[in-house]
Ligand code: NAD
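We begin with a single chain expressed as structure tokens, specifically the form predicted alone.
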Amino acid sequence: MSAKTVIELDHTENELRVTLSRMRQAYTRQPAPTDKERIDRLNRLHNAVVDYKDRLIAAADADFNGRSGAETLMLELMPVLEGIRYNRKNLRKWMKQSRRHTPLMLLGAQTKVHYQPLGVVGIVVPWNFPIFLGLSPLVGAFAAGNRAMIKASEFAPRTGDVLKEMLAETFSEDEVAVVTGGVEVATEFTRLPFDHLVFTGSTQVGRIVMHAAADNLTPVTLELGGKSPAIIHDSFPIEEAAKRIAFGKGLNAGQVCVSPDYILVPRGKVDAFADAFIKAFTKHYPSLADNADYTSIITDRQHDRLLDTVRDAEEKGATVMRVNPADERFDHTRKLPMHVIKDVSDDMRVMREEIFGPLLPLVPYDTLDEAIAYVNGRDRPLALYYFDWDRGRAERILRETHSGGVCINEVMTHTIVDDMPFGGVGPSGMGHYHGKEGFLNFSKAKGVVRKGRLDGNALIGAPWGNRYFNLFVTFQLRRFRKI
């Protein structure tokens, strides 16, 4: 590393720490924003997103070198606005102190939980949804009364610049700050002593972020990924499953942390599913190369990684079906056709690493027990999808598998339900946000005991063995006798 680079990094770190210090001072001056102040911030964010809608859509399109405006509107902007609406509606109810049960030993006291802002929340934004995954945590942070620093993705720089301009125009510099720059800036950002840090990205980088946060004992919310499976029961119509999965897998060209990563298909129906999936996908995207509805791969590096993954599978014996309805060439674009991959094995990269693109491995199975064991034998995924009209078997899937979230007879849409928590488990993440869980995630739930004029401890205190102490112990032991 050159001396110039070291100086630049030192300068960046100093600027970041100055920004954080300024926000901390502002929080200290106003540690408990009222409901009206929090709602005002949410209202301003709502209006800013509406005003900047077209610019944000254009910026995302430019960053991807071809991204559907409808997808940006449907998957990024509308969920943010819906989240703001939901938080604004419920905020006053969430802020109320909650009464709790008081044990007999505290006779005469009251117990409650007080929800307090943490302070300054750091948000690291990924490239695949550079608007929603920056602003959705911000909504939760605002609802809980916090301030926030946002590190925009270096792989979506135009979107980051528009977000920076939008938020700077809408909020004071001690309410929200957007930081842009490369991986060095991101590294320094995660080392800051935030009161909470939200990171969305790969499991590999998530481990690094968690390690950096540990040096400051900063609590983290990690939204990672992994290989989210779909299981199709033998009784479910294979064409219907293929149609529903094709809709989800096509969104953002599969560059979604909860995109179906591989499909567990009844052994005798693998070919039927492949044919039905290709037919459904082709209906959505009859052409690809110059089709504005079909999103490009974000960078050359990601494009090459996906092609290498396909080559690795083919070299190890997989059968690859390239879905290219118009028989186009892709020399001038980063568009990548959907690839349906059969005859896969565990030694293939496509079955070992998160795909994050338009590749879809099909894994045959014979019994539901076998399918459940297959899922449970791997890292716990961010999402799991199960197709079956039978409610009893669906409940069994919920009981016997672990995942961050589940859709039954559907894919991916659980992420846009604001009245449910969103988050991973184990290698797919930790912590939750969205809705009330987001409010709680970005709040300190502080237990409070308030004692009145009556002091019961004065009656039962030492010297032990006094009359009131003996009566108290005798009564309690009767309550706690063996069941």
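All residue numbers are counted from 1 along the displayed sequence. Keep in mind that this is a model prediction, so the values were computed, not measured.
Same protein, other form: the form predicted in complex with ligand NAD, not shown, and the subject of what follows.
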(message) Is Phe422 part of the interface with ligand NAD in the predicted complex - any heavy atom within 4.5 Å?
(response) yes
(message) Considering non-hydrogen atoms and a 4.5 Å limit, does ligand NAD approach Thr187 in the predicted complex?
(response) yes
(message) Is it the case that Phe356, even though its partner is missing from this view, gets within 4.5 Å of ligand NAD in the predicted complex, heavy atoms only?
(response) yes
(message) Taking any heavy atom pair closer than or equal to 4.5 Å as contact, tell me whether Ile131 reaches ligand NAD in the predicted complex.
(response) no
(message) So ligand NAD isn't shown here. In the predicted complex, which residue out of Thr102, Ser202, Thr170, Asn324 has a non-hydrogen atom within 4.5 Å of it?
(response) Ser202
(request) Check each of Ala144, Val125, Ala242, Met338 and return the one that places a heavy atom within 4.5 angstroms of ligand NAD in the predicted complex. (result) Val125
(message) Among the candidate stretches 309-317, 359-367, 148-156, 135-143, which one is within 4.5 Å of ligand NAD in the predicted complex when only heavy atoms are counted?
(response) 148-156
(request) Give, in sequence order, every residue of 247-280 that has a heavy atom within 4.5 Å of ligand NAD in the predicted complex, or say none if there are no such residues. (result) Cys257
